[in-house]
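Presented as structure tokens, the chain that follows is alone, the form predicted alone.
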């Protein structure tokens, strides 16, 4: 708080003070008093008033300075109400009480919307689990009645299954910490599960899978990594080149501080100006708009969001009309207590 700003707030009091001193001086002139008394009385009043102003400024400036310093240190500014000390002056007490009331109201409002969000999330999860039953029944009927028509139906059912899974993980993405268990997981087992999920597409589209050096353990939740890898693989399938032999290479490289899983394809690639935006929510890029108009732009966004929650770094590089490579970087965390499963 600047002293000049403080004085501006006191301008009315200062004007009234000088008016009062003028009146006092008139009375002192009427009475035959010594010159020193006439000077002494106004000076004492002025000195007492300005000393009082200086003391008031010191107390208030110290309090507000502490308030600003506390705010600067806090990432969540709303916590200032809990850290702010009581003030010794009336305005400070009013300010603290006001902030506490606002903080209380904010928490009540947040809790209300949090409850609504949780309720909606529970409904979505329940709906997803319920819809899986008729979906599984449909797939069973298709399996027992194989022909050209049911083959096409099966392809569409697999797409529906993927969208349902995507919706489930999207609903859970804000509460990952409640749903995952970090443990030692084998990348080979995870990759085999993802390949199994997409075996029909690999066979029908004649896509080659080259898997190397993946028999290594990483500290993660296998269920979430299966979903992330599945999204990456499905993008490779979706944006393949139809005029050449499609190929997906998966290789793990063990470093001192981390393990990097590389997933590389020889598909359409991504334009240079779009690479840095692929993890944005809803971004589909040129390929999504031109070749796959129903693309939602949610897959890689979800991958990035889940990776951040799991402490995994995800990177993407691409050469347009040539290849795309996604890298998952698993840190060798020494501080995590792992359970052998």
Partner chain sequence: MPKILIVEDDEKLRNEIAVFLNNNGYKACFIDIFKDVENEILKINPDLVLLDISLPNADGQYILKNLRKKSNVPVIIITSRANELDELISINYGADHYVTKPFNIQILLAKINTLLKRSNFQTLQDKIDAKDFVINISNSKVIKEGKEIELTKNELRILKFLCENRNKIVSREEIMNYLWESENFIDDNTLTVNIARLRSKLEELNLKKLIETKRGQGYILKCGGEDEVY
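Positions refer to the first chain, counted from 1. Computed from a predicted model, the values in this text were never measured in an experiment.
Beyond what is shown, the protein has a form predicted together with its partner chain; the following relates to that form.
- With the partner omitted here, the residue from 124, 135, 216, 260 that has a non-hydrogen atom within 4.5 angstroms of its partner chain in the model of the complex is 135.
- With the partner omitted here, the residue from 208, 110, 149, 83 that has a non-hydrogen atom within 4.5 angstroms of its partner chain in the model of the complex is 208.
- Mapping the unseen interface onto this chain, residue 91 falls outside it, with no heavy atom inside 4.5 Å of its partner chain in the model of the complex.
- Within 4.5 Å of some heavy atom of its partner chain in the model of the complex lies at least one heavy atom of residue 222.
- Contact check for residue 195: a heavy atom falls within 4.5 Å of its partner chain in the model of the complex.
- Using a 4.5 Å cutoff between non-hydrogen atoms, residue 143 counts as a contact of its partner chain in the model of the complex.
- Contact with its partner chain, judged by heavy atoms within 4.5 Å in the model of the complex, is confined among 266-274, 196-204, 228-236, 92-100 to 196-204.
- Contacts to its partner chain in the model of the complex (heavy atom within 4.5 Å) from stretch 89-104: none.
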